[in-house]
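Next come structure tokens for two forms of one protein chain, structure 1 first, structure 2 second.
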Structure 1
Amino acid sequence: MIVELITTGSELLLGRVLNTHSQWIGTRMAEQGMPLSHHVTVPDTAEAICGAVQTALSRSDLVITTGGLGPTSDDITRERIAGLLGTRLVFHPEVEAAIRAFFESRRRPMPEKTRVEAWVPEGATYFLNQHGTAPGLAFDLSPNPFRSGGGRSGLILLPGPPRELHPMFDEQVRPWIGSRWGAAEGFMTKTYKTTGLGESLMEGRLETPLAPLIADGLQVGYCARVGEVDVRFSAAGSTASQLLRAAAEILFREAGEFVFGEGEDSLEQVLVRTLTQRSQSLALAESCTGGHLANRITNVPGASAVLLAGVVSYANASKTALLGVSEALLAEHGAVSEPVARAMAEGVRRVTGADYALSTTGIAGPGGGTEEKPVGTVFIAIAGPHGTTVRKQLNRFDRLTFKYSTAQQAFNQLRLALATASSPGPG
């Protein structure tokens, strides 16, 4: 099934607004086994929209557009779309009544301009807008006049604002699509989140063992982000669940220690979840990551059940005042060193009484590197009920990527420490 998304709006092309529609709609369509094949953004003029719709219909089973039909867009777009499909606009009093009710519920008068949105092309299904005024429109084109050989295609026109589009899509558009095209038969997909092994190394480990399953119809996708690689398995038909189970077994056998979660899991969510289940607590002492670890942990709802405190000990004096790192230790080894990382983790664990403590000290750059300790050098320590371990890394990235990947390593180190700590600590 070929699905194309057309997002419209000059503000998207000028970069004034981030286009989030392709990710949002792309995820939902992929979940139903109808992944997007193509996405195009054009200005919201009647000419550009109609041109893009006609091109898309000539090659697709389903075409979805966003934006371009409100009262402030080019006011001839609806007329031109109706013309393209060989139909005409019909005024729907019940749509006008819904628009009027929308304004009344907000105690505002209905602008006369908005009335144009009650004109619906003949034969179209309309979706009333619960969070705005422009209704969505859907056409079941059977045959599709723009595709050689005809066949059946769908065209769905949706409002642009995400807060209007999202509920309309989930509540009205998905059922409309489902009743006509259904989900791909037996389509299943599963994404595993991994960290600690680069994309090509991961692919290298899995390539050969997965080959027989791929020959049987398994699809494998890799997606690399900073400090993370997603491994996505999908398959359709009667053997889909069997293929996915076999693929997962291979992944865990070949690279299980790198798998930290599934779907939309993040490392910080996994840590908060694990520590909450064990009723254990966490404290942080950050130098080079400057609060990035604390910020990510506290992005997780319920983090307050786990995180006692974080200290961003940027100046050396604050390492002494807040964490009890001795001045002599700092003078002897320097702030970026194995002993100071250890003392920071143990210090914050002592001050807060947490079960586990994580610390980071390093050189984020761009300045501050030396020959012995180049920019990117970082020490990560974990202090816990079973002692303290310190690991040295070299993360040569720009400043923000340095912080992000150091956090990935620190979180993953703690994840692995929690996995091997067979019994909860005395904490």
Structure 2
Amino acid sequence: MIVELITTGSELLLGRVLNTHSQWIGTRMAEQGMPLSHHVTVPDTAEAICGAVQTALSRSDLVITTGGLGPTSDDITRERIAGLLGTRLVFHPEVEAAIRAFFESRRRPMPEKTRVEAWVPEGATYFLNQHGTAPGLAFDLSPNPFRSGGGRSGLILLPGPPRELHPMFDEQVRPWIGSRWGAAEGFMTKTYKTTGLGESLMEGRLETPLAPLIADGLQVGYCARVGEVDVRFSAAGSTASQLLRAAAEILFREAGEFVFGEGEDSLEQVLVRTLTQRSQSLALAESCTGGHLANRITNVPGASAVLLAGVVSYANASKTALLGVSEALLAEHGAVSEPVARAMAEGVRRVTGADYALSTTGIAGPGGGTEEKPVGTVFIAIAGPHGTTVRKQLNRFDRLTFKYSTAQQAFNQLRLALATASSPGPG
């Protein structure tokens, strides 16, 4: 099955907005056994949108577009696609009622302009927007007027904001696709999340033992990002399940200590889940990461059951006043040092009574480094029921990447500590 994604929006081409749709929708479609075959991004012009959709429909079984369904003058996808398909727009009172309810629930008046979103191309299925106003639209084109020999194709128009698109796609669009096209027969895919080992090193561990499975039809992919490598296994046919199971066994045998989750798991989700299951708590003392650890932890639903406090002790005086780090220790070793990282973690654990505490202190740069402690130097400490450990890392990146990479290392350090802890109960 040929599936094509068209992302619309001049802001995407200008680089003003990061285009995350290809990754997110690509993952969802692959899970359904329908991986994307093509992806194109076009500006907000009638010629570009209609041309891209017509070209896509001429070669694809399913075409998905994102963006251009809102109420402003540059949101022209709804109207132009209706014209391309030779259908008229029809007003739907129930769509307007849903839009009005959206604004009423937020105690805001409904702008008159948003009524345009209640005009739906005749013959289209609409998906009400639970997190915004513009409904999604779907067309079951049989015959497909742009494909040689006719045939059948689907066309789905989705709103652009991810907070609206994601739940709409999962809750309404995927069932619509499944009811018409099902899933590719026998196609299966599984992604494992790993950290602590680079992409080439991971492949080096797996290449030889996976070779017989690859010869039998297993597909293997590696996707590297800051502090993580995704390992993806895919297969089709009657042996797909067996191949994926055998591949997973090899992964865990050869590199199991680096695997922290599956699918869309993040390290912070794994930590919150693990600590919640063990009825244990966490506190954070951050210097160089500036609250980034706390931000990521609190992005996880249910974090309130785990996180007791996060202290951003950026200045030396705050390390002393809030965490009890002695001025003598700071003077002797400097803020970026193993003893200070240890004192920060133990201090915040003592102050909060948490089972575990993480601390970070380092040099994010671009200035401030020395020959002994170059830019990128960071110390990460964990204080817990079984003592305190400190690790030194060198993360020579820009400031934002430095903070993210340090957080990855800190979270993984805690994950490993939790995995090896002898007692699952509170300390």
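Quick note, the numbers are simply positions in structure 1, starting from 1. Rigid core: the largest C-alpha set superposing within 1.5 Å between the two forms. Quick caveat: nothing in here was measured; it's all calculated off a predicted structure.
J.: Would you check which of the pair is the form predicted together with a further copy of the same chain?
T.: It is the first structure (the form predicted together with a further copy of the same chain) rather than the second.
J.: Inspect the rigid-core superposition and answer whether the C-alpha of residue 12 shifts by 2 angstroms or more between structures 1 and 2.
T.: Yes; that C-alpha moves by at least 2 Å between structures 1 and 2.
J.: How about residue 390 - superposed on the rigid core, does its CA move between structures 1 and 2 by 2 Å or more?
T.: Not so; residue 390 is displaced by less than 2 Å.
J.: Answer yes if the CA of residue 373 moves 2 Å or more between structures 1 and 2 after aligning the rigid core, and no otherwise.
T.: Comparing forms between structures 1 and 2, the residue 373 CA shifts below 2 Å.
J.: Residue 138: how far does its C-alpha move between structures 1 and 2, core aligned, in angstrom?
T.: Its C-alpha moves by 7.2 Å once the cores are overlaid.
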